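Next up is one chain by itself, shown in structure tokens, the form predicted on its own.
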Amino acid sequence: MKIVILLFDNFTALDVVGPYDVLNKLPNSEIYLVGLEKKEYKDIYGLKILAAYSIDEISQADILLVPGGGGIDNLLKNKKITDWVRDIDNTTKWTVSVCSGSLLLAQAGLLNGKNCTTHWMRKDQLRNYNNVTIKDERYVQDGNIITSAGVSAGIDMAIYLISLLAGEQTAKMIQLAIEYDPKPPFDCGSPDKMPKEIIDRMKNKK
């Protein structure tokens, strides 16, 4: 199972590392970290992850995963990247995204007529693309595409993807292996649970 994860500068670390840790536990899987160039890419805090392959070296995947982060906006303007995403999607069993990574799928035309989701602060941006239907869910499957909401939702999406590939029992075993049993200290992980003044403050920090 060839799993390709796209890297770029200013990615969100958990978007990459969460699904990476889950999908690495899939039997007979091999993960390829890929970037526009073969080099180290940094998240917004300076964490570096090496892309051992460039997109010129990867032309096929069983799974393509596009993470999100502030750097995704630069990729939307890069025709070489959007063409590559579209070409890889033609070979995949599953094409998936985390957080704002769904914007790149939309830019490549892969979400036309699809149900999808993204980070709550990116939903208006995603609505600018024609013929997408945004759902308020942790992850949304439509055909062979799965989009997930913000950051931590990528873990949920990856476990769900494991269940589709290897069965529910394997997915449950992997969920137990990473002890994924969230009990956050506050019930405020989505905008509908948060006071408006806090949401407005977060939006104004952009």
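Each residue number is its position in the shown sequence, starting from 1. Note that the structure is predicted; figures quoted are calculated from it, not measured.
Here the subject shifts to the form predicted in complex with a further copy of the same chain, a form of this protein not shown in this document.
For the candidate spot formed by 185, 193 and 202, every residue has a non-hydrogen atom within 4.5 angstroms of a further copy of the same chain in the model of the complex. Interface membership of residue 21, defined by any non-hydrogen atom within 4.5 Å of a further copy of the same chain in the model of the complex, is confirmed. Under a 4.5 angstroms non-hydrogen atom cutoff, a further copy of the same chain in the model of the complex has residue 168 among its neighbouring residues. a further copy of the same chain is not drawn, but in the model of the complex it has a heavy atom within 4.5 Å of residue 119. None of the heavy atoms of residue 58 is located within 4.5 Å of a further copy of the same chain in the model of the complex.
Residues from 145-178 that approach a further copy of the same chain in the model of the complex with a non-hydrogen atom closer than or equal to 4.5 Å are 149, 150, 151, 152, 155, 156, 159, 160, 163, 168, 169, 171, 172, 173, 175, 176, 177, 178, in the order they occur in the chain.
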